[in-house]
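Next comes just one chain, in structure tokens: the form predicted on its own.
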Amino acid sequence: MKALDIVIFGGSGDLSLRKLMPALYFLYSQGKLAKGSRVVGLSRARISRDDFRALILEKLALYLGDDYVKTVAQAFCELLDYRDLDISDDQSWGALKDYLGPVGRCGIIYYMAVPPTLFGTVCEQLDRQGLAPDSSRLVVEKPLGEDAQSAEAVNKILSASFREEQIYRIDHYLGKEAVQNILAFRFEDGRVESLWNREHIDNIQITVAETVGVEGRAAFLDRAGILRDMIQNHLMQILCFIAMDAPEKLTANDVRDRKVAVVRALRPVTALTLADHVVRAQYGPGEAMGRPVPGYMQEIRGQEIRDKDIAGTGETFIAVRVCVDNDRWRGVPFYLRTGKRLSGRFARIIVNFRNAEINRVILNIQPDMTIHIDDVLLQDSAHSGRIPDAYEKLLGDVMQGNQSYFVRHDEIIASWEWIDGIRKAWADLEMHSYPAGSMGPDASDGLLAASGHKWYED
């Protein structure tokens, strides 16, 4: 096992403190960081290495709860270092190059825990300083871009300094154990896979529900909307795992080839078909988590003075009827639904069968990870001990050079093109409303009722 330098741009930011450092702590505790490895935080703040280590210890104790072991945390912190870096200053980059030492001394992973607006400068400097050898790996967070054109622009920046085989695009849903278990459930048992097609399945429902409102993300969510924030990211990944054909081999590119094939088979939604395939809405006043809450427009009104970009046009709920036009799924509707201020927080897949020996498969992704076939509990993670966080699993894969659960560029562009088609068509689509604390507007139920279906509810 080769020693690694894990270099985090934005090392003192929230993503690093809340997600990356706890993930690396657990990987270290499992012996997955080789002797001589370093975890280097970079940012503009001028703080000492000792102060950085003290900050990480404090946040680990806060975020890990009962999983925090002081002696392990202290040993892990011996791997930590901190360097202040002004990304616009060549001299600052020269100091970083000297610090990292000869290229190839150990493996190197760069994690971009910074906004995409900084990707260009960082990648250009890494390339200019000779810090992007073929063995290096670059980790970036989805979403990348807000449409196909901007996603292409981001990829052009990344690919100018790194090859596709070096780029790891994280969608944290792909690190969830329950999502990864979809493939095991489907492909490890030939009996399940033999029923997994249009001859036996009537419809498939994917729901990701949240009880929170827009919180501190009002400006972004109002501009992007839940279609781009959730469907293009997380629900598209779940859809691909549910609908993909079995890969010939379980190599990263075989898995990702099958996912791309699903996205390319999605029937475009046009202005003529939009009303039969898409429902969008915003939440109004209601009751959520046992207390009265304001509606979306009331919630963002207090932020309009501070942020002129908030226009109140972003959808907080979306339901989409998706058609996958290939031999396996032609004629089987996939219903995708996600929203904020709904009645519960959960992510769930419902597979409704016909002409089969089973009636329904329920795959719960969160808060509990369970699989039911009809009324029989097939799998339950509640008693399986600590479940690794998504970032822990994904960072472990980056360290191993495994891209299976990372999103390839061609899949991102294909999914954006499908999403862009919806957004181009929906200028005149009605914006429905729903009470906070419900499961969305009545029109969402009507979307399914038109085909004789209804949403599954406990």
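We number the residues from 1 along the sequence you see. Computed from a prediction, not measured in an experiment: that's the story for all the values here.
Unshown form predicted in complex with a small molecule; subsequent notes refer to it.
Only one listed stretch (354 to 362, 338 to 346, 89 to 97, 107 to 115) carries heavy atoms within 4.5 Å of the small molecule in the predicted bound form, and that stretch is 338 to 346. Put simply, Asp257 is far from the small molecule in the predicted bound form: not one heavy atom of it is within 4.5 Å. Although the partner is absent from this view, Arg217 contacts the small molecule in the predicted bound form, with a non-hydrogen atom inside 4.5 angstroms. Using a 4.5 angstroms threshold between heavy atoms, Phe241 stays clear of the small molecule in the predicted bound form.
In the predicted bound form, the small molecule sits within 4.5 Å of a heavy atom belonging to Asp229. With the partner omitted here, the residue from Tyr82, Trp196, Phe76, Tyr173 that has a non-hydrogen atom within 4.5 angstroms of the small molecule in the predicted bound form is Tyr173. Contact with the small molecule in the predicted bound form, judged by any heavy atom within 4.5 Å, is made by just one of Glu210, Asp202, Glu146, Asp245: Glu210.
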